[in-house]
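Have a look below at one chain only, the form predicted on its own, in structure tokens format.
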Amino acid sequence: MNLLDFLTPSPEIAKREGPDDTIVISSRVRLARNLKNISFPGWATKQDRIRAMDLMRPAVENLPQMKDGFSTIMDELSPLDKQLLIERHLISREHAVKSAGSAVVMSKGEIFSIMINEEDHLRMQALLPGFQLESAFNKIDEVDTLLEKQLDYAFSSKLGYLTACPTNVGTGIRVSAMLHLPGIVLAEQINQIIQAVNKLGLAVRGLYGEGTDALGNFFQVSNQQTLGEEELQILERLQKVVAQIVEHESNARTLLLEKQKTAVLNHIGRAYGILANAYSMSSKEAMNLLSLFRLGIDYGFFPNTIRALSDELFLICQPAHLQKLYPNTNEPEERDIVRADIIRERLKDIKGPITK
């Protein structure tokens, strides 16, 4: 099966809705699990990794959640396909460089993605639009329960689930939310927010996780450790923090409009002007300008323009998506031209920001 044929079309992804989705783009819960009596992937021989994969992959493929899903070993994916999955947040950058003995299994609709032999034998996630951390946890917990009946997990009665990284030992859970925070950034409060979140034992990362930049004012907030806490405690703590950040972002947007309306309009108007008229644009520039365009839509400055437009452009203007849609754009300069062409075409009937 062709990967692009399996993945949900970009317009459908962009139209997905969820609670507080003006600010919370997505909710993800990931569990790390390992098999008993088989070396963790980083220490395993090639034969052990293949043996572990052969044990796990059929069990994952036969889950009811994976009906009509997509399963492949990493060796069979091209570098472009791997980058496409990274841009969809379906695999990690670390998993993209894996080869023999590693695989990925995804559900139709992309709610579930399970990486086999990444850092751990199993890295399984549920990904939902908007602020739905509890629902995402319930979904991946069901998958975990089904797999635990078939696979012998590495588990300690004292420590909990054993994982390759010590910070994941215990529950093996990572709860995260992707947030769009242009209001806090424009109000120059983002550093204070990040420091406050870090003091609570949580991590703030960029668009693609650890070690990446916050392109387009997107920030990923997640727990940093799992040992000594139960899943529901971690989940509840992160939900409270995300709810507070959502409130801060909402307040920042309101105050900016009340006290700095001209400056806000200037940012959004300039972003729209470049997006609607540029003939070459890098992915980084596009993400940052589309973030302001999205904010303008949320403010109501672009009447009759739905947020799905900006969200679809966010997706298809990423390098791998662009190259998949336009196979001849192998060079960055070629993609920059095509990216600008796409955005100009999609914005040609949209007038500049309008305020009453």
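Owing to the predicted nature of the structure, the values given are computational and were not obtained by experimental measurement. The numbering used is simple: start at 1 and walk along the sequence shown.
Note that the form predicted together with a further copy of the same chain isn't included here; everything after this is about it.
A heavy atom within 4.5 Å of a further copy of the same chain in the model of the complex is found for exactly one of Arg270, Arg237, Lys284, Lys108: Arg270. Distance criterion of 4.5 Å from any heavy atom to a further copy of the same chain in the model of the complex singles out Leu265 from the list Met178, Leu265, Val197, Val143. Within 4.5 Å of a further copy of the same chain in the model of the complex, a heavy atom is found for every one of Asn277, Ile337 and Gly352. None of 257-265, 73-81, 147-155, 130-138 except one has non-hydrogen atoms within 4.5 angstroms of a further copy of the same chain in the model of the complex; the exception is 257-265.
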